[in-house]
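Shown here is one chain on its own, the form predicted on its own, set out as structure tokens.
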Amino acid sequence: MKAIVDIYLKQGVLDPQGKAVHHALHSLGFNEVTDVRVGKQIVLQLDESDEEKATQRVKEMCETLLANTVIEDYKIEIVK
């Protein structure tokens, strides 16, 4: 089973990397871009067959290590 974790800064938290990408895109003529938020994606291969248990374990991983929950939100997707 595979778990895909998307981690993004919470709304309202300054995203300097997103601002830099936004500025660079405008400099290159991609003026239709109105905002950029940069995040990260972590793909975990799990030795677990129960989707609920896998989700709970990945949530524990996010809360413990993978995400800084003070400033970041995360989303877990389990893929069989």
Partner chain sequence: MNVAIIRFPGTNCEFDTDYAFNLLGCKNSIVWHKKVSLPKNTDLVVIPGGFSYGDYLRSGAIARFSPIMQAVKEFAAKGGYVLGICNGFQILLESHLLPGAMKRNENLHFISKYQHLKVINCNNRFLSKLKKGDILNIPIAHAEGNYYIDDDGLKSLYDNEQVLLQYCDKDGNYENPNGSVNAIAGICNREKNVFGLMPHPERACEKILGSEDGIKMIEGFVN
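Positions refer to the first chain, counted from 1. This is a predicted model, so every value here is computed, not measured.
What follows is about the form predicted in complex with its partner chain, which we do not show.
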> Heavy atom to heavy atom, is residue 53 within 4.5 Å of its partner chain in the predicted complex?
Replying inline: no
> Should residue 58 be counted as a contact of its partner chain in the predicted complex, where contact means heavy atoms within 4.5 Å?
Replying inline: no
> Heavy atom to heavy atom, is residue 20 within 4.5 Å of its partner chain in the predicted complex?
Replying inline: yes
> Is there a heavy atom of residue 26 lying 4.5 Å or less from a heavy atom of its partner chain in the predicted complex?
Replying inline: no
> Along 40 to 78, which positions have a non-hydrogen atom within 4.5 Å of its partner chain in the predicted complex?
Replying inline: 40, 42, 64, 65, 66, 67, 68, 70, 71, 72
